[in-house]
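Starting off, we have a lone chain in the form predicted alone, written out as structure tokens.
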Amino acid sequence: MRATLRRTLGLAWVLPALVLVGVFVYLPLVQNLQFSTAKWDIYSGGQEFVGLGNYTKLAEDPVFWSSLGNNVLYAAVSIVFQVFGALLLAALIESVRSERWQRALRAIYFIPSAISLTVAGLLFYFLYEPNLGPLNHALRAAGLGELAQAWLGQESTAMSAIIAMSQWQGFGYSTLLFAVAIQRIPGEIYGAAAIDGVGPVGRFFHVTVPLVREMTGLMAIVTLSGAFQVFNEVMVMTAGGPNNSTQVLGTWLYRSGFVRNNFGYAAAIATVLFAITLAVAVAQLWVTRRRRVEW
């Protein structure tokens, strides 16, 4: 009787949260899937069922594929810098003997992450300005004027310039999380490795890397999911230009729905985006659970 009562009370506590999640998460997902099968003019309210027509159009849209390619490039660079690079930097910071210097370095690298993406985008927009921007000015002052260029105005450099800004902004946050994970590793393990004659590099690869595996998996999920949901930095710096060369799935979705008034097509892009991020998260969680670390 008591067990039944406890289960009933437990369900009563959980039910409001389940209702909220159902209404604000799962119901919109189902509605979006429904919208993706229609040609929908949001201003007139007219809808026409087209079945898989939007997905067929998606497969034939060169801008969609270039946008997806930009997201993939963004994800690859982010994994290198915000996962592997951040782990290496965190290990270097935690190896500093002075605790005061450790705190100072953590704060220095975290400061860019405290700046909003919109503000960081505007900051780098000015930095990349071809005539008055500090970057081109520094190149000319160093005698490298031939390298000065319109970083955001050329198809060959615009996406790389946006990715560079994003890595600068997010690098410190990842580093701080890895630093916390490294601090959780018992010092006795490092001591035993040092007694066995393992050097700093060996301790990093054979102690630190295996024992922060769960944090690495978490950061990989967050980084990859974030890379496929990029929006603010692109809209602030280039709005998808020049010539759609910096479009990503998020900005192409926005342009398709709110500029071109094709919400059915935008819903199809959103469905593909959701499927990609869900697949990445499920795959990474499966790998992480199989290689769970306990001590």
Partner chain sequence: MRPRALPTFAALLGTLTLAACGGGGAAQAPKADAAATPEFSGTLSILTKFAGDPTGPYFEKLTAAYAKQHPQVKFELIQETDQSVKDKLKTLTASDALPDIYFTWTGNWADNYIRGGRAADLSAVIGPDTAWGKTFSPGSLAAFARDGKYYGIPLYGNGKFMGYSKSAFAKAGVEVPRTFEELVAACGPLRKAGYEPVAFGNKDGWPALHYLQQLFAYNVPDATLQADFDPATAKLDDPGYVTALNQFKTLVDQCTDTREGTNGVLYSSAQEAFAGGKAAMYYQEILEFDNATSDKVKPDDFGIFQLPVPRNAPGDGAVLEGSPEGYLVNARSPRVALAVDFMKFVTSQENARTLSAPPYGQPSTVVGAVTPETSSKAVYEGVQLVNKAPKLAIWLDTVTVPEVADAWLAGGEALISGGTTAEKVLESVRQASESAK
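Numbering follows the first chain given and starts at 1. Take the two forms, superpose them, and find the largest set of C-alpha atoms that agree within 1.5 Å; that set is the rigid core. Everything numeric in this text was worked out from a predicted model, so none of it was measured.
Same protein, other form: the form predicted in complex with its partner chain, not shown, and the subject of what follows.
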Original post:
Going by heavy atoms within 4.5 Å, which of 147 to 155, 178 to 186, 99 to 107, 204 to 212 lines up against its partner chain in the predicted bound form?
Top reply: 147 to 155
**OP:** Indicate whether residue 43 is a 4.5 Å heavy atom neighbour of its partner chain in the predicted bound form.
**Re:** yes
Subject >> Touches its partner chain in the predicted bound form: residue 258 (any heavy atom, 4.5 Å) >> reply: yes
Original post:
Does at least one non-hydrogen atom of residue 74 fall within 4.5 angstroms of its partner chain in the predicted bound form?
Top reply: yes
Original post:
Though only this chain appears here, would residue 169 touch its partner chain in the predicted bound form if you measure heavy atom gaps against 4.5 Å?
Top reply: yes
Original post:
Using a 4.5 Å cut-off on heavy atoms, what residues in 95 to 126 are near its partner chain in the predicted bound form?
Top reply: 113, 117, 125, 126
Original post:
Core-aligned, is the CA shift for residue 272 between the shown form and the other one 2 angstroms or more?
Top reply: no
